[in-house]
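One chain is shown next in structure tokens, namely the form predicted on its own.
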């Protein structure tokens, strides 16, 4: 006769009551046992050939906050097209938006999907909206929204594999629209074997075992007659999520350690910077498009900051106006100190390195910066308004572009990126300039990472620097996405605990 411990016997009887095949969740609900206890019991049943454990990978899908909003109110394009039909098929965009009571942030989304679905077309010249065809009552993506919302109300999970092929294709669409949360999980079921059914019919003896040796058992001598439980140290325990450093911070720390290994020193600078250091000192003209409001965040208060010493300002001004002593013609305009005093959120960490160079004019200089920068850009799957930039500079006697290429190759190699290519490029404050690309085997593609070059005389001469300076820099998030295999930059900062927990510690 087979002997089982109490918890194992309870698990077996529960599976029998549930028809001989049940998921861990069903057994937990029926028996009240925790999942770790059930899995330990299942391993024993499998070892005794009384049961068998089956595992199945599942993709669960649920609506996020914005998805639930659209499930209740309707997709933006549906709300707008309904108003357009109601208003006769052609009307001003403003009137259609007002009638639909469409939130301002969803208007561009609605217009894009109206065009993509071929429902209507906006005329930008006349600001009107023209109906192209009357859409079906409910699209596949809208039906999926409804199904997911109904299941949420009932407290049920939606397994992607259980959906129809048509709705599975809609999952991809809504995922791209950032309306879903998708998670991978393993569903485990335990099935009673044929041998198990025979043993149940013949009878199973339950043994009373003690899991803990107490002082009372030792003092009274009862431990001699007590059967102690044998623990299987290989059996799975409860899932524990210990604290960990965020994946982004892990990679930032790795990058900093690599720079330190290569003999670089880290420098930091102010986030709020004058346009003098952010643009002018880097020989970027004051009428350059990148300095416009749609590319740069300007401070409202205070609006201006202090300029450096007068001699430095005069040198930069003359270089902009006529080239000064640099053999350049400059930009041929009247430079404004008022424009140079304006405060911005720095758009690159080069503002930090040029400040450092202005104070450290003698070689050798070998420093790096990994810090936040800000650009007035629309947030999407590849762009953020706030991100990290990685930058390094070397100043020494007789250094050349070849030294810079060798340094970058070594840096990438330490990151595990072995194939690197360089080709000529253009950047406003370096000449010669180049672009570096690395080959990522997982994607089987080449990716651009860092711009690089040697600072121009128009940058160095006004600051009194007489030695060549090598510089390179680029967005760190792109590198992080490649290392983590992501296709949406926003996931890095959504604080999605499921993603953070399942992302392995970066090496």
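Numbering follows the first chain given and starts at 1. Please read all numbers here as calculations on a predicted model, not as lab measurements.
Another form, the form predicted together with a small molecule, is not on view; read the next lines as being about it.
Under a 4.5 angstroms non-hydrogen atom cutoff, the small molecule in the predicted complex has residue 430 among its neighbouring residues. The small molecule in the predicted complex comes within 4.5 Å of no heavy atom belonging to residue 407. Residue contact with the small molecule in the predicted complex: residue 296 places no heavy atom within 4.5 Å of it.
At the 4.5 Å threshold, heavy atoms of residue 453 reach the small molecule in the predicted complex. Contact check for 348, 375 and 471: all three have a heavy atom within 4.5 Å of the small molecule in the predicted complex. Only one of 86-94, 384-392, 322-330, 188-196 lies within 4.5 Å of the small molecule in the predicted complex by heavy atoms, and it is 384-392.
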